[in-house]
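Quick setup: the structure tokens below cover two forms of a single protein chain, split into structure 1 and structure 2.
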Structure 1
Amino acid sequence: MKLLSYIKQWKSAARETIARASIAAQFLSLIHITDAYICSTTLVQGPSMLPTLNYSGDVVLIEHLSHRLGKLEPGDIVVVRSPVDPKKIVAKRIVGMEGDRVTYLTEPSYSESSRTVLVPKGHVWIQGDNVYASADSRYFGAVPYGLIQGRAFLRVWPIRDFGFLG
């Protein structure tokens, strides 16, 4: 009799444990899907996006849908895996889309010479807002659409600068 009682208790405890583990797994899956495919945060720092983003760093919200749906446009700030160093993620502004002609200063610090390029199919032309301190498409060329991680749309930190990015 006692053995039957213990088995029923263990069965009940096992069911409750499995139910709670299932809820935890669903919650963690939801967090992963949201972070990878819908929206995430990232720290953006450095001089290349001055004055739009702070040198010391801003935490921005990145949405991951626009680039998958082909809804990016010139003027959007995007987070891109660096074509030069794939371990790095950089934030830049889209200046040209595939098929656009982009004219840029080759060495803005030293001369006024410019160059015009045609952005190839499946690529975007990105540049930092601070042309004097930005390694961007002027140096490594147009960036394949596949390297875009998402579009930055909201600065969440520092709180005094909270707001949408244009």
Structure 2
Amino acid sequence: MKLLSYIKQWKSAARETIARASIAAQFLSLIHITDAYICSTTLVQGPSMLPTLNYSGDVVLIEHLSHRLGKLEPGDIVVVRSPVDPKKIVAKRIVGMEGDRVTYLTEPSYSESSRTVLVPKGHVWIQGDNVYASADSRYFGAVPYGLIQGRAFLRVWPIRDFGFLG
């Protein structure tokens, strides 16, 4: 008899736990879907996008809609999964889309020699604004379009640099 009442209590506690857990799960999924498919924030740091982005770190808003709709164009700052290290995400500017001819300095610190490449189909050419300290397409070549994760459009921190990136 006592066992039956214990089971009843356990059942109602379990039901309530599941109800609350499902609310939490729905909330987390909503946050996740917004973060992955609409808009998210990232800390971007390093010297490769100077002077546009600061060396010590900026918090930027990333939108994940443009690259899915095919609305990216040269001049957009994009976050891209690195082709040489799949765990790393880098922020660079698109310099050329597929079919464009891109000319770049092969050794900007030392000489004026330049090279011209044709960006292959399905790829983009990305470069950091700071050509002297940026590992980008000049180093690892054109990047498949599928590696693009999103476009950085607004800087939110530090406050004195708040504004749209373009």
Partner chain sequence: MWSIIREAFDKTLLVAKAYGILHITNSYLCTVALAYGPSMIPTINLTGDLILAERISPRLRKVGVGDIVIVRSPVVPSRVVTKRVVGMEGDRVTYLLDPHNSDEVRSTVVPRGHVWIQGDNIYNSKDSRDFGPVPYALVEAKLLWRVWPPKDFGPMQHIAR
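Note that the structure is predicted; figures quoted are calculated from it, not measured. Only the largest set of C-alpha atoms that superpose within 1.5 Å between the two forms is called the rigid core. Please note that residue numbering is based on structure 1, beginning with 1 at the start of its sequence.
Asker: Form predicted on its own, is that 1 or 2?
Answerer: Looking at both copies of the chain, structure 1 is the one that matches the description.
Asker: Aligning on the core only, does the CA of residue 103 end up 2 angstroms or more away between the two structures?
Answerer: No; residue 103 is a residue whose C-alpha shifts by less than 2 Å between the two structures when the cores are overlaid.
Asker: Under a superposition restricted to the rigid core, does residue 26 display a Cα displacement of 2 angstroms or more between the two structures?
Answerer: Residue 26: C-alpha displaced by 2 Å or more between the two structures.
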